[in-house]
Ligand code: ADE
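What follows is one chain in structure tokens, specifically the form predicted alone.
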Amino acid sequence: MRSGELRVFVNEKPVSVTRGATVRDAVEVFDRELAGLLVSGAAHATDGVGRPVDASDPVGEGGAIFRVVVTARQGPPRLSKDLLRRWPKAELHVHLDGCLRPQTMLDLARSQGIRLPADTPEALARALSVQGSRSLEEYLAKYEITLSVMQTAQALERIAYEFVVDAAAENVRYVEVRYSPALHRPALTLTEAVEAPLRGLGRAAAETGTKTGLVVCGIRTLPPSVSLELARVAVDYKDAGVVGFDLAGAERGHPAREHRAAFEYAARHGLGCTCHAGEGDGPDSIHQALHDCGAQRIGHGTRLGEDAGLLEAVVERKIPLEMCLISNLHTRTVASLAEHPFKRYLERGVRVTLNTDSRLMDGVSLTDEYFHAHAGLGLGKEALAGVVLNACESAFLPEYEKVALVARVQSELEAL
């Protein structure tokens, strides 16, 4: 194989393509007639684990596996990824320490004297990929690497700024990004660890027009007293860009009810409350988040359907679920995209939203999440537009700002 070429697999056969080639290019090398069917819409492509891919996507790296399926029954996606990228969107569940640009990580590591597992952006992205994770705990271990370069105020400000710029590039009109200031001590005080990303978010919002909100996370594996301390600092910055309080981290064996005081403090002082639950543990974890902690939204909530009564209550109370399709695959919360309960919950009346969780580690954009919901789960244009509006209506914003956001996004969707 010549330098500058990549070997990938199409329908189990190896083909060589130049770097920068698309999936369509790889299929054409394999079989020109099959490529024609892909272009005409008579066939569709998936990756090696069955997730739909857009024919215009780059092949990525050597060893990538693609399958092209010709089937009149399923048919191709009717909404291209390019069209979905142009849609106005909102995102409620994404971790700042999971969204660094690989080149930025290399820059920060160089200036701080930190050793990373790779020395090129492409290799670093591969090293941080969570596709081979076997559990939520193994998935979370990757965050230790990103956090290693996030221990200065300058780094936090830059990362927050670049995150919003990247989100705005795919027409995200509102985004809530979350992180735990406690994970930046002792290098920074809690005050420094909050003010730095707020500066970055504010600067990017002014430049791009994308509205932002910061969600402060308690950590399940840290003492409840730390969560209460974080809730207090979050409230201190309620009028400066902090919009919510969350509880994240390893779920099984670390009950949310132990952090109840932090949620009560945050809610009493007007912050929105959300809680990771039903991802690494069962529906009882969701029950605790709602009934012991008073969460107004649930992060993930994937296992909600295991308790019919709880599902009914979530529908009745219009509790939003911040769902993340690809992250749930990587944490083994679901075995395959086809088995993800997102569509079932939507049809049942749950207020579901689509989110990325971790753009770098999961290798996904918000546009990708919508494309997977369309091509992999069969959600049509109207259903997806409803999911966009669900996110807008579930934002931790004052009512008048929420109404304005919904009106703007709805108008833009209708124009498209």
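Residue numbers run from 1 along the displayed sequence. Just so we're clear, the structure is a prediction, and the values are computed from it rather than from any experiment.
This next part talks about the form predicted together with ligand ADE, which is not shown.
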| item | value |
| --- | --- |
| Segment that reaches ligand ADE in the predicted bound form - one of 118 to 126, 290 to 298, 225 to 233, 276 to 284, heavy atoms within 4.5 Å | 276 to 284 |
| 4.5 angstroms heavy atom contact with ligand ADE in the predicted bound form for residue 313 | no |
| Residue 267: touches ligand ADE in the predicted bound form, heavy atom cutoff 4.5 angstroms | no |
| 4.5 Å heavy atom contact, residue 95 and ligand ADE in the predicted bound form | yes |
| Partner proximity in the predicted bound form: residue 262 to ligand ADE, non-hydrogen atom cutoff 4.5 Å | no |
| Listed residue that, although ligand ADE is not shown, lies within 4.5 Å of it in the predicted bound form (heavy atoms), from 130, 99, 196, 136 | 136 |
| Selected contact from 143, 87, 174, 345, since only one has a non-hydrogen atom within 4.5 angstroms of ligand ADE in the predicted bound form | 143 |
| In the predicted bound form: members of 330 to 363 within 4.5 Å of ligand ADE, any heavy atom | 357 |
